[in-house]
Structures are given as C-alpha cells and as structure tokens.
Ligand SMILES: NC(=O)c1ccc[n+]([C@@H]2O[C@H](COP(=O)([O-])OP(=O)(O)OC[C@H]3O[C@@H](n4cnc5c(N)ncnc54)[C@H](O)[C@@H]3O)[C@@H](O)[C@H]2O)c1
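Here you get one chain, nothing else, as structure tokens; it is the form predicted alone.
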C-alpha cells in the first residue's frame, strides 16, 4: 500500500484526492496547504493529517508518493525537495516555468532511482487514445499537417481571485502555458517527432489587470516534414470545445477532448465518444476532463513495480521545450 501525500488543496486537489481514494494500492496519509483553512478542510474530509509546510508532510509521514497541486513556479522547487528526500513525485503540468529547472529534476530523479511524472491527463481520454492507436497502427499513415484551436473564457475576475495566475514570474504566462498546453501536448504526441522550427506571436488583447498572454498563435515544423499550426485565446465569451485536426496520408481526424471522428480516404468513417467511468470529482471542472485517475493509476503501478510510467518527466520535457520556445519567440514581439 503506497503512502500518498498531496501538496496543494486548491481547485485541482479533488482530481488527485478522489483518484487516490478510488485506487486499491494507495492510501492518502496527509495533505498540505499554506492556507490553513483549505488544508484543514481537506484533511477533515479524508480523515488525514493537515500540514502547512510541505517539508513537514514529506519527511514525518514518510510518504512514498507526493502529488503537487501548487502554483507553477513552485512545481520544480517542491519536486526537487521531494526527490532529494527519496520521494516519488507526480506533479501537475507544467513541470516548471523554466526549461532548465525541469531538465534538472529529470536528471535528479534518474540519479536517485525515483519515479518523476507530470500530469497530462488528456492523453488518457478515450478520443485521444483512439486517435493515437490509429496512428500507431499505420492505418492513418504519416501526419502531414495538424492544427489545434482553443477559444475559452477567462475574464479579469478569474485572475482577480488568484495571487499567482496572470503573472510572468509565478504562472509563467497565460493562455499558452495554462490552457493550451494540453491541446499542444496532444498534437505533439500524435506527430511524435522533433520540432526544428517554432514561430509564435503572443498578445494581451482582452484583459486589463494582467500582462500575460491571452492570445497566442504560431507554427511548428518537425524534422519529418509535418507541421502544426495553433491558435489559442482565453478572451472569448465562453468555453467552446477545443479542436484538433490532423491531415494524414490516408485520412483526416477531427477531435476534441471528448470525441473524435476519423474519415479515411476510402470513405470509411470511425467515431468515438468519451464514456463515463462513474466517478464523481466533487468540484471538478468539465474542461479538465475526467481521466486523472487513469494516469494516477499508471503512476502508482509504476512505483510499485519499479518501472517508468507512461508520462515521465523526460517525456514531459518534450512539450516543456516547445512551450518555453513559444514564450522565448513570442515575447520578443509581445503586445
């Protein structure tokens, strides 16, 4: 039975705590938050000890796994502390703001022989898996061109509720690193090749209390010749479903997080929609998806069996490198 601790009892906490509660090979033993009321409420709900300093949770409880659900800038800091103290880490995306910090923790995990994973739960959606399987089977052939689009709503009032979102130093950016990172990761995972060129433009067009990007668009060229175009904005009037399109040698794919349609050149059509797994994440948001439990189960099994999970820190470096380059290029002409 793995002993689990969770650092951060904010919005995303429920996805981790509920998943842990439903899995037979782990038990939650402690939760931590610098905001005492949140830590106390979470601890009372799950019948565990509350902590207000992550260092006090990681060492006294002797946890096997720590989940990190904290602001972006703290991800590499707490990951490093846990790894240094012999604890396996499952961290929410992004692994860091700065690419070098993520790379350093990957190296540290390898040196310590520990498991270091980063949450990209959308890879576990039924639609995502289905498309990946069709690509890996060769039936769709090579991806020639891809595009992803995200139009969501994050008003100034959304940022006003947070003491870290909407900041360059604590969040690391806006729509690209916080919202579009999932669809960019999926598209990059589908293409499965090395980017050789990244163009990007970032802007803040609809917000008055933050200076980070609320709009981003760009173009990525890969070593195998595939291209990926992206457009993301969080100043739309509502949260529309994201869309990823793939133009392949043998067909086309149109998908969101919940469904996918594949149309082959011979006219054959395949469809899939997300199935309800019956788990209720109290306070969970639809746009997070509901597949955290699949990734968390994969991670726990990896720790138990001494193998690497599907999405390691090293795997997460692929999208981290892209996000970092988008910001490096995009901030040169930011307006």
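Being a predicted model, the structure only gives us computed values, none of them experimental. Positions refer to the first chain, counted from 1.
If you look for the form predicted together with the named molecule, you will not find it shown, but the lines that follow are about it.
Trainee: Of 42, 70, 65, 26, which residue is found within 4.5 angstroms of the named molecule in the predicted complex when only non-hydrogen atoms are counted?
Mentor: Only one option qualifies, and that one is 70.
Trainee: Quick one: from 311, 20, 9, 322, grab the residue that has a heavy atom within 4.5 Å of the named molecule in the predicted complex.
Mentor: It is 9.
Trainee: Determine which one of 251-259, 103-111, 224-232, 72-80 lies within 4.5 Å of the named molecule in the predicted complex, judging by heavy atom distances; exactly one does.
Mentor: Heavy atoms within 4.5 Å of the named molecule in the predicted complex occur in 72-80.
Trainee: May I ask you to state whether residue 212 is within 4.5 Å of the named molecule in the predicted complex, using heavy atom distances?
Mentor: Residue 212: no, not in contact with the named molecule in the predicted complex.
Trainee: Though only this chain appears here, would residue 164 touch the named molecule in the predicted complex if you measure heavy atom gaps against 4.5 Å?
Mentor: Heavy-atom contact with the named molecule at 4.5 Å: present for residue 164.
Trainee: Taking heavy atoms and a 4.5 Å cut-off, does residue 35 contact the named molecule in the predicted complex?
Mentor: Judged by the heavy-atom cut-off of 4.5 Å, residue 35 is in contact with the named molecule in the predicted complex.
Trainee: Consider residue 54 of the chain shown here, and say whether it contacts the named molecule in the predicted complex, taking contact as heavy atoms within 4.5 Å.
Mentor: Residue 54 belongs to the contact set for the named molecule.
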